[in-house]
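In the block that follows, a single chain appears as structure tokens, in the form predicted on its own.
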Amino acid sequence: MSVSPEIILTADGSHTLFVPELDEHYHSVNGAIQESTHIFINIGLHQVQKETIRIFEVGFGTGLNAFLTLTDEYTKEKTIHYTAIEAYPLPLEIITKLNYAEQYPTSGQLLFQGLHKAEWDKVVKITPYFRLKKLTGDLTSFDYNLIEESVDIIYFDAFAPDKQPDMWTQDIFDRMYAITAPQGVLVTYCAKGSVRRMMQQAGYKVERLPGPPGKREMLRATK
């Protein structure tokens, strides 16, 4: 897939990207920041009661989920080890036009840029407490040995099942379960029954929870 995204303004004033080849958006048109904050931060990150939190993100994309994690008050006194996989890294000329850091002082904007300028396939210290490793590759052929320790939370933010069905298979969720730490969680915007059943088959306990604006439900799976 060649990615030539268009920048779109969403209902909460933050940007998303539209990919014509897939007829798909990176984030909800009903509010990109609202969506990511609700799903990945409030219902995901805030449920992990540890001082050191290991995160695995499926689909680094715009870096919004990583940025919200980095700047969230909950993580200020915690150590974050953040690993993300991305098959189609976005060019900096797109990244520099996104407005996610506009509400922050200059330091926040530098952090957002730092996430994207960080070298790929290498651990980079973004702050003294936030370490980032961006992996280039496809989850379907991913070497899971690169995840050296089990993870406390998985941000499952792949494109929708009808757009990328190979990212939503029983094998994928079996592998996600295998790298999840005890009491660890996986959160995703998707609430399809078939996805919920695959998570359950993998071994997760799965909850349907209220979704962000414009979406009735989402899923949280716990090991």
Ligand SMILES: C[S@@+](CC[C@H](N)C(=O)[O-])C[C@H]1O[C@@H](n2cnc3c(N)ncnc32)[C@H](O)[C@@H]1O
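Each residue number is its position in the shown sequence, starting from 1. Every value quoted in this text rests on a predicted model; they were computed, and no experiment measured them.
Not on display, but discussed next: the form predicted together with this ligand.
With the partner removed from view, the residue among Ile41, Ile179, Val48, Met167 that has a non-hydrogen atom within 4.5 Å of this ligand in the predicted complex turns out to be Met167. Out of the listed residues Ala158, Leu70, Cys190, Ile53, Ala158 is the one that sits within 4.5 Å of this ligand in the predicted complex by at least one heavy atom. With a 4.5 Å cutoff on heavy atoms, Gly61 counts as touching this ligand in the predicted complex.
In the predicted complex, this ligand lies farther than 4.5 Å from every heavy atom of Trp120. For Leu139, a non-hydrogen atom is located within 4.5 Å of this ligand in the predicted complex, even though that partner is not displayed. Put simply, Ile126 is far from this ligand in the predicted complex: not one heavy atom of it is within 4.5 Å.
Stretch 82 to 90 is the contacting one of 103 to 111, 82 to 90, 126 to 134, 144 to 152, since its residues have non-hydrogen atoms within 4.5 Å of this ligand in the predicted complex. Scanning 89 to 127 for heavy atoms within 4.5 Å of this ligand in the predicted complex gives no residues at all.
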